[in-house]
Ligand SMILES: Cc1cc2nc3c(=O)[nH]c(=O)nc-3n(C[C@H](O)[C@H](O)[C@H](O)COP(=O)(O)OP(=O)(O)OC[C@H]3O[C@@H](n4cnc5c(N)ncnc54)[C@H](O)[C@@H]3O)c2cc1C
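Here you get one chain, nothing else, as structure tokens; it is the form predicted alone.
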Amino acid sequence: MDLTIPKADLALKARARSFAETVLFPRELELELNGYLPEAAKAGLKQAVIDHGFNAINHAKEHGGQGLSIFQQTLVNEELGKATGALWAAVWHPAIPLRLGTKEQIRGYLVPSCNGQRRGAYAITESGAGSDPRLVKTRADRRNGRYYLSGEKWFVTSGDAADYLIVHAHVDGDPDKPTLFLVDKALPGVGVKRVPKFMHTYLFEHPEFTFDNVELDDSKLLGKTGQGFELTKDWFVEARLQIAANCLGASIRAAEIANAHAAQRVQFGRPIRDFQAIEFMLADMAVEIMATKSMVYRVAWEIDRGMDRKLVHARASAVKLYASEMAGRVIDKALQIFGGRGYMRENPVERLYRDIRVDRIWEGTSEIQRAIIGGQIKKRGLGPYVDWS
């Protein structure tokens, strides 16, 4: 068994690290202290993404993407995840279901999204529907050969930067007909209810959108009627893997900063790392990161080698669960090592502490991941999680 990472992939990872450190990190304090970046700064980030070749790393070159494998994407997302304020969101990943669109949809949505000319945002959550998508109330009523979309969506991440939304709705209000629709924000009937503020600082916003009889034709249906949840699950898998990689990167940065501080900070006549209380925290952090990296890299590698789709879903839940909860533990210890300095917003560890809390919630809470894993164990036994296959 050869676990060596190819030189080309290590070079890619180094390039992503350089991008994060030279392009994203310098914007962190400006974003944190002001709560936003000027449009000119956002435009500069967008151009930098293109110049460094990180636009649409999750899509094929024929569509304007970079054509990276899942493992290569993981290496890039690990490095990007070290940036605070979710500056990693400057690097866009057009939703995976777009690749299954019609030729017209690929030409009108996917290709320009890969090139940075358009940007989409996924809209599924509602006030009464989060973990259980069957409770979605947004509906697309079929009348006279057209669809009329009505409802409301919450937590539409990067919805302010998007010019179109991928909306998960029930055709004729039937929960057995979950369907995805491509909805241009400029269409009549699309509105923004409010833009709530959250615990973390984020490069973009998470608006709440309303849809009032938005008229759509068949060309705006992504996939088939009733196929929406299956397509959304595929998007969840990609998003969960990205979250896991981001959490890994955030944890590594926090651990590295805390380790350096522990070596420099002198109390009672010696560096605080010489005290066993601090030494043991650093040791636990290192082991947790090592275990998480092993898990994340393994699953990404297996997916590239054609792992069964159901097994992909099962293991993506495990990866997202473990990585997001690990990040909370590691970054909490890093902050503790800093003491009061760790509580200052100028310290990246403080920002990472707030940033990663949402990773246990969005794209499926930790509790939902445990339910998925438990369901898999009922159906298949422990094999998906304890075997190496």
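One rule holds for the numbers: they count along the sequence shown, beginning at 1. In this text the structure is predicted, and so the values were computed from the model without any measurement.
This protein has a second form, the form predicted together with the named molecule, left out of what is shown; the following refers to that one.
Trainee: Answer for S294 alone: is it within 4.5 Å of the named molecule in the predicted complex, judged on heavy atom distances?
Mentor: Close contact is absent here: in the predicted complex, S294 is far from the named molecule, nothing within 4.5 Å, heavy atoms only.
Trainee: Although the partner isn't part of this model, could you tell me whether G223 comes within 4.5 Å of the named molecule in the predicted complex, counting any heavy atom of the residue?
Mentor: G223 lies outside the contact set for the named molecule.
Trainee: Using a 4.5 Å heavy atom cut-off, state whether I50 contacts the named molecule in the predicted complex.
Mentor: Output for I50 is no: heavy atoms all beyond 4.5 Å of the named molecule.
Trainee: Indicate whether E367 is a 4.5 Å heavy atom neighbour of the named molecule in the predicted complex.
Mentor: Taking the distances in the predicted complex, the answer for E367 is yes, it comes within 4.5 Å of the named molecule.
Trainee: Check each of H200, R119, R99, K185 and return the one that places a heavy atom within 4.5 angstroms of the named molecule in the predicted complex.
Mentor: None of the others qualify; the residue that does is H200.
Trainee: Taking 4.5 Å between heavy atoms as the contact cutoff, choose which of A90, A258, I124, L231 touches the named molecule in the predicted complex.
Mentor: Of A90, A258, I124, L231, the residue with a heavy atom within 4.5 Å of the named molecule in the predicted complex is I124.
Trainee: Given a 4.5 Å cut-off on heavy atoms, tell me which of 295 to 303, 258 to 266, 200 to 208, 82 to 90 is the interface stretch with the named molecule in the predicted complex.
Mentor: In short, 200 to 208.
Trainee: Would you check whether the named molecule, in the predicted complex, lies within 4.5 angstroms of a non-hydrogen atom from each of N55, S113 and Y164?
Mentor: Contact check failed for every one of N55, S113 and Y164.
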